[in-house]
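Single chain ahead, written as structure tokens, the form predicted on its own.
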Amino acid sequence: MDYLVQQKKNLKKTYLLVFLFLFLMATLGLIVDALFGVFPFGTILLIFIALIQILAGMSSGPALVLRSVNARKINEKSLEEKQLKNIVEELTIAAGLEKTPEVYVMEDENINAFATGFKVEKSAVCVTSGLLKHLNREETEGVIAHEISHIKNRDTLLMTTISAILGTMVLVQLFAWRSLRFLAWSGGGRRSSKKKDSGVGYILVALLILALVATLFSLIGRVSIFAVSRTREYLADAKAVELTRNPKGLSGALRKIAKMQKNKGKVKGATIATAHLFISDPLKRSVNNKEGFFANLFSTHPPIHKRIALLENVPDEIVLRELQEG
């Protein structure tokens, strides 16, 4: 696969995503203006919020993601973590990256990992303490190669931008629904004059329309994000094999992840805005293990048994049966 072509594609997708985000926020602003008769205040305000969110995401997005999961830099006095750093350095050289990504560890018993960063030279790889505990060197190499591939392809630029945008859409959605609920529960000054009552009723209707539109935009955004995420995972799996020349390492790691998912809870600190960054869904949503139109529409990750089957070139039914019996 041509990394340069993939990088250019991801750059174009990121620009397109940012443009669509600004367009959606401007549309929401126009709706606010139309409902409240305050044009262009609502439009300017929401475009301003969108720009601030994008700039804030570009300057501190990766740090925010790492902070949200309480990640810490590796402790090189620990043999496991020192070995992890060595693996990251080796695969950085193999991938032809100029600078080794920063390496972080988050305390969680699950096996999982992600990469983040708007720029290749300022990227980071983070793994769970469960990964260090349960994977051998070969399997860890497979996972790290997968994450290095995301950095090399500039998937991290696209996916971190998606996190920032989705976070904003969710905030607008929550603001509208909570304002609506607060006004409805408080009665909106019911004992006031009739003129005031009609004004509150107008605001309630306006907030309801805004909440519904924001929810619709958020849903459309999530579906688009889910589709992008699934494709990225398959590509990163393939490129991880290119880097390590060993499909068994990553497939072995995915097997352990699938088996552990039956017993462990969600990854601490992971949210719907960051779940697509991880190698496996940290929120353990069952839709990611299903197939069909709706599953394909709402899953962030492809089914693990399919990923293993592709890596090992065997029928996915066999792998699925093995995981179900195991």
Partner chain sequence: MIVVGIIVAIVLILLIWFVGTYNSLVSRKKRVENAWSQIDVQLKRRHDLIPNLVNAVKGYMKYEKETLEAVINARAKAVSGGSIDDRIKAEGELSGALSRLLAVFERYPELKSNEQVKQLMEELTSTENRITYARQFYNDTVMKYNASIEMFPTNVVAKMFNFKPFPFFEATAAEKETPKVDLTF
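Residue numbers count along the first chain shown, from 1. Everything numeric in this text was worked out from a predicted model, so none of it was measured.
Form predicted together with the partner chain: not shown, discussed below.
Partner proximity in the predicted complex, defined as non-hydrogen atoms within 4.5 angstroms of the partner chain, places exactly one of 172-180, 82-90, 157-165, 252-260 at the interface: 82-90.
Taking a 4.5 Å heavy atom cutoff to the partner chain in the predicted complex, the contact residue among Leu243, Ala236, Ala71, Ala124 is Leu243. Site annotation in the predicted complex: the residue of Ser186, Asn75, Asn136, Thr231 reaching within 4.5 Å of the partner chain with a heavy atom is Asn136. Of the heavy atoms in Leu204, none are within 4.5 Å of the partner chain in the predicted complex. Residue contact with the partner chain in the predicted complex: Ala95 places a heavy atom within 4.5 Å of it. Using a 4.5 angstroms threshold between heavy atoms, Asp108 stays clear of the partner chain in the predicted complex.
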